[in-house]
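Taking the form predicted alone, here's one chain by itself in structure tokens.
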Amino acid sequence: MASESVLVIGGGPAGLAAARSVADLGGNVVLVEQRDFLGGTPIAENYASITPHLESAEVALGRVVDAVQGHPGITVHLGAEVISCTGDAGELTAVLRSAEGEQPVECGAVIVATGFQHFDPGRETQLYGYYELPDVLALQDLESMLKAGSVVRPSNGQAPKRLCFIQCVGSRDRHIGNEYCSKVCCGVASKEAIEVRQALPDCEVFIFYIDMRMYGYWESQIYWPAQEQHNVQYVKGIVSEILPFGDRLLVRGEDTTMGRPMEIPMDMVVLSVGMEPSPGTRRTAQVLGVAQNKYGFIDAVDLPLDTVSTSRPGVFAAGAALGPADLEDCASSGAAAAMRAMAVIRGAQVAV
């Protein structure tokens, strides 16, 4: 007999959007999250605010978390993962594993919303001294500082007088296999640069970029305001290395606009790291038997007009499980996956 439930795997922005949409459409939801809390990477990595609106990440995600946890049609399993899924669209049986053991879940459709992980700059070649130089950070490290209200140099606890961002770290890089643009890094760097300038008005802030990629309204929301209102300095250039320079850092590379080498002392360097498939995305794809693209993200098989269907009927994907995505992408694809999942369930009910 066809099941009336949808299994949503992942409790981040896309999974929350999918769960809420299914429930609002009258379906039952079983939401499974491997962490012991909902909210996904923005909460796990202590994001200060969301891009481009600069609203508190906890407040923004908290609204959706509260809506999901308070919905009578949604059952949440924290600290759990899906270890198998058998059957066909409309009549699927998944097995959940948690500290309490294993339990089967009958569902008509599955939505995968297992998100991404930040690129590790030290994974390949100690890129830019991320693990060697304490004042070299990544975007998420600075987010935590901004959330705590304390932007200081890890090496000495002092506020930086000069800070820079380096774009496209772990993205658009054929040498490491990530040829794709991670989409949000330029915007996040601009957002964080504004916040640093607000917190530390005496700190000079630079962004070194290959080319800035702002899409939609981000150009007017954060790119121009960063320059015109907050005096963030954008420099088109390629940074080749970061070296110790007394008690500071030396950023060495090429100013490609001027066509000349550059060496600039900095107090802090922030690496704008890109997105990669999370371990949960890779694992869940294998468990469900859905195709992945060459980067490890889940493949959407009916692009461009169907962005959420996977290679397995009845299984859909949303958010950064499909590839680099911002919060608006996560919300919209979560809702789209919910609609497709409900169509499967109602279609199966009619067939019965």
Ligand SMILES: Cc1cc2nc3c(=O)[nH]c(=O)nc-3n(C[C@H](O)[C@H](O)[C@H](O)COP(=O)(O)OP(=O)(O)OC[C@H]3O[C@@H](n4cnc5c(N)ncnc54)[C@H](O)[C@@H]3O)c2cc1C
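The first residue of the shown sequence is 1; numbering continues from there. Keep in mind that this is a model prediction, so the values were computed, not measured.
Keep in mind that the form predicted together with the named molecule is not shown, yet the notes after this line are about it.
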- prompt: Just to confirm, Gln140 within 4.5 Å of the named molecule in the predicted bound form by heavy atoms?
  reply: yes
message: Within 4.5 Å, heavy atoms only: does Ala14 come near the named molecule in the predicted bound form?
response: yes
- prompt: Are any of the heavy atoms in Gly27 no more than 4.5 Å from a heavy atom of the named molecule in the predicted bound form?
  reply: no
message: Is Gly280 part of the interface with the named molecule in the predicted bound form - any heavy atom within 4.5 Å?
response: yes
- prompt: Using a 4.5 Å cut on heavy atoms, which of Val290, Ala300, Val65, Ile50 is close to the named molecule in the predicted bound form?
  reply: Ile50
- prompt: With the named molecule left out of view, which of Ala94, Ala80, Ile242, Met266 would have a heavy atom within 4.5 Å of it in the predicted bound form?
  reply: Ala80
Per-stretch contact check against the named molecule in the predicted bound form, the hit in 307 to 315, 36 to 44, 66 to 74, 291 to 299 (non-hydrogen atom, 4.5 angstroms): 36 to 44
query: Using a 4.5 Å cut-off on heavy atoms, what residues in 91 to 120 are near the named molecule in the predicted bound form?
result: Ala113, Thr114, Gly115, Phe116, His118
